[in-house]
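Heads up, the chain shows up twice below as structure tokens, two forms, tagged structure 1 and structure 2.
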Structure 1
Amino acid sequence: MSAWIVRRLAAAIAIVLAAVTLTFFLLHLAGGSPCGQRDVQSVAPEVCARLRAQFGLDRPIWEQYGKYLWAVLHGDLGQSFWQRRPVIAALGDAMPNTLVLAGTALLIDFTLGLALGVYQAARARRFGDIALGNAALFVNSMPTFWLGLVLLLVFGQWLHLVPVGGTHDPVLCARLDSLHCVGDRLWHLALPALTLGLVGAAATARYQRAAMLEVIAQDFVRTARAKGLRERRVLLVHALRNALLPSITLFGLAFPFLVTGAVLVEWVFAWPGMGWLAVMAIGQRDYPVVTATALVASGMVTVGNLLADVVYAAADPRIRVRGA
């Protein structure tokens, strides 16, 4: 088991290293130089040479790469042109917002998805199952940001139930200091989290339904029924426990979806997380921030997958035997 985890950990580190390498070479290929764009010749050659020496751009590429790697390992992701502060500080402000949004969405995704999947399996091929199944297919086909806009239109603009953007009320709750403001933040979180969670739940429900149907057909379920257990107990205790396993795999798959979906949902709801930061930074030509968000996003997905693998191995001993 421990050897298996070490191997997985090594693979995860290798993936993050590869992501760092990729961003370095993309930066290098784009050929930004302190003398301006490639075809602009407004800077004197000697000034240009001095600037290149100052930023280490005259060194061989492998040396520049080593320096970059070293800096990234020490948490130095460069300076943000636009915010005039270290990139890591800008990310530090944005990351908690993304984590809160993605975490809540994940919660909605799995509670709703599992509940719907179990309900659909219990009423398989009847009206409720078919209606929910088609609804889930439709939600799954929507652009996430468009669903966000529709929810915003209905609940924010027409019904005035929720605020239309941001993380908190800037006048009343500049800082998180009272119970009222916790409520205010939750209120702002509701719609973006629901948007992301609903799209995820549509997929989760589909998988959970299939997993439940597979388990329900097995002998031990018939035994449980034959013992005279109530259907509720058979489904929720005996069948569900065994049908949860595939959902853990889904849990790992959910991370790329959440990180990607968060970019667009954050943009729609002006939610200042990493995706919002990245898109804003593009408008400001602030590429150190954009590359840093890409790195952090890859790191988050990798860690998420690692977590899912470990949870899966903990839940299913067969994986450990095969993997070790």
Structure 2
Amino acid sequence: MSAWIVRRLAAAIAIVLAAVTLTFFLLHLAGGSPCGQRDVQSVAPEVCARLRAQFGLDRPIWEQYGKYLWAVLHGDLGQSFWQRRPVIAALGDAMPNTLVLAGTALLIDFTLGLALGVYQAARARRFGDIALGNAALFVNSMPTFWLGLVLLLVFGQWLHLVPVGGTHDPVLCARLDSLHCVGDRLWHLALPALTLGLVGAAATARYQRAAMLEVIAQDFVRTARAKGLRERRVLLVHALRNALLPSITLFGLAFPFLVTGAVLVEWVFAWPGMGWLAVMAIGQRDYPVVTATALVASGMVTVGNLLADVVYAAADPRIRVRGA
């Protein structure tokens, strides 16, 4: 088991390194600089030259890459051109907001998705199953940013039920020091988390329905029914427990996907997380911030996959035997 985990860990590190390398070179080859575009300089040429020298952008790209990797290995992600502060500090401000958004969306995703999947499997090929299946397919086919814009227009602009952006009321709840401010944070969180969670729940429900239908047809489920157990116990205790294995893999992929997929949702709802930070940094040609967000995002994806592999192998030892 330990050798199997070491191999998975080595592969994860290689994937992160490849993602960071690709991001680094693509950003530097795309053109532009912290001074502005090639044909529109926002500062004087002599000032731009000093800035490029200060941040090492006047050195050959391979030298910049080597220095960047050496700095990352020592825990230094560089200085932000745009914010004029360490990149770690910028990520430290944005990361909690993204984790709160992704964590809440993940809770909505799997709570609603598993419930709908079990309900559909229990009523397979009936009206409720067909209606929910079509509704899930419709929601799953919608881009998250478009769904976010629709929810924002209906519940924020027309009905005025929720705020249209931000994480909190900057005047009344600048700090989280009362129950009212906790409610204010949840109020601001509702729409962006629901946008991400609904799209994820639609996919989770389809996966869980298929897994439940496969398990329900097996002999041990028929034996449980023959013993006179209630249908609810048969479904929730015997069938669901064995139908959760595919969802373990889906869970391992869902959280990093929600973190990285929140880019457009954070932009739509003015949610100051990693996605919003990355979009702003791209516009400012802030290479260190963009590369650091790619590093964190790829790290989350690989860690999520690694944890899913470990949990899956622990649940079914045949997986690691075949992968040995």
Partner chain sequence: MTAGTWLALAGALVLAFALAAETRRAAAGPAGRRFFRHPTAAPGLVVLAFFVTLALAAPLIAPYPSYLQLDPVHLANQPPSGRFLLGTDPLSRDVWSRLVYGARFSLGIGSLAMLVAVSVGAAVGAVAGYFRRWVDALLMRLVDVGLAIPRVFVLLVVVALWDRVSLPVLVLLIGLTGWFGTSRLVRAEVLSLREREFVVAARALGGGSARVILRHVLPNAAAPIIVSAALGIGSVMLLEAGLSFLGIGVPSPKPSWGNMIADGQDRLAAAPWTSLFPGLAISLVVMALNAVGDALRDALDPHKEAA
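Throughout, rigid core stands for the largest set of C-alpha atoms superposing within 1.5 Å between the two forms. What you see is a predicted model, and the numbers here were worked out from it, not measured in a lab. Sequence positions of structure 1, starting at 1, serve as the residue numbers.
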{"item": "Chain form predicted on its own, by structure number", "value": "2"}
{"item": "Rigid-part membership shared by residue 209 and residue 57 between structures 1 and 2", "value": "no"}
{"item": "Rotational displacement of the smaller rigid part between structures 1 and 2, which moves against the larger, in degrees", "value": "23"}
{"item": "Value in Å for the CA shift of residue 23 between structures 1 and 2, taken after the core is superposed", "value": "3.8"}
{"item": "Value in Å for the CA shift of residue 63 between structures 1 and 2, taken after the core is superposed", "value": "6.0"}
